[in-house]
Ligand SMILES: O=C(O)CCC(=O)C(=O)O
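Presented as structure tokens, the chain that follows is alone, the form predicted on its own.
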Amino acid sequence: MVSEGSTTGDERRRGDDYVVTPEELERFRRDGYVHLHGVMSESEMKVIDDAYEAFLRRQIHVEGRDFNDMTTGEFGTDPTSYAIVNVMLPRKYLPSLQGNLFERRAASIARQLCGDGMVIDFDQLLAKQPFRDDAVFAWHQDQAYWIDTPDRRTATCWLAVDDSTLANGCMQFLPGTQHEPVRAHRPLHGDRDASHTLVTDLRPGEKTTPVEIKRGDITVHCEGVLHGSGGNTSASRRRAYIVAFRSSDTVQEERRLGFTHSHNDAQDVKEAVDGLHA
């Protein structure tokens, strides 16, 4: 690790690695999230840009519900009408994306924040469309979606493909909520078959912290911190690329149960996972 004084990405990007400071590790443990600057340089973003645009243009086949509007669950229709274009498991549908530089740097970061034995659990693209104040990601804790195992170490690495601001709907967190029991969640629309999205409520007096980050920066959050984001009132898209790491034992148990993070997972699998948090 390096000292807090070494803050530029150029100093901290070392091949496949990105060096996390002791202060950043402490913030991650205390608050449940941390902002890391300059994880990817501008020149290194090109591969991600190209793959991202290929998905948004529907040049890559994505099965069923894994290409949907995250706000409504709508899928199989014209995506230009979607408020938040959600692509689940892009590395499955575009194998050439596997092992890209961001995945490798994120693996380095996950190891420094969470220890050894961390592997990729899933990846995801989330693109908020311009002038869509309904492109809201409701408050939730990721653990509400997932199986509960003894090893809950998680590092969800959220890369800003565009500058992420309050105007276009940056991430917001409620620091420290990972230290609480998982809150009760409910489907955003009807049941889990109608809408994969789960939501919970802020309690009176709770105020979230917005985290504006630059293109190439990331936030990393754990499984229990409460987070969400507002709509996009700007003229530009807000694209994010997420790669989430959990312990190898946890991922093996998920797959044994048939849980893959695909929105096409069987309804009984999703309901069984929901029952763990009832």
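Quick note: we count residues from 1 along the sequence shown, nothing fancier. Keep in mind it's a predicted model, so treat the numbers as computed, not measured.
Below, we refer to the form predicted together with the named molecule, which is not included among the displayed structures.
Among heavy atoms of Tyr82, none comes within 4.5 Å of the named molecule in the predicted bound form.
Shown alone here, Asp142 lies within 4.5 Å of the named molecule in the predicted bound form, counting heavy atoms only. Taking the partner from elsewhere, Ile242 is found to have a heavy atom lying within 4.5 Å of the named molecule in the predicted bound form. In the predicted bound form, the named molecule sits beyond 4.5 Å of every heavy atom of Phe102.
Taking the partner from elsewhere, every residue among Phe137, Thr156 and His227 has a non-hydrogen atom within 4.5 angstroms of the named molecule in the predicted bound form.
With the partner omitted here, the residue from Ala107, Leu126, Leu198, Leu113 that has a non-hydrogen atom within 4.5 angstroms of the named molecule in the predicted bound form is Leu126. Proximity to the named molecule in the predicted bound form, taken as a non-hydrogen atom within 4.5 angstroms, holds for one residue of Met118, Val87, Leu97, Met171, which is Met171.
From the list 234-242, 54-62, 28-36, 208-216, the contact stretch for the named molecule in the predicted bound form under a 4.5 Å heavy atom rule is 234-242.
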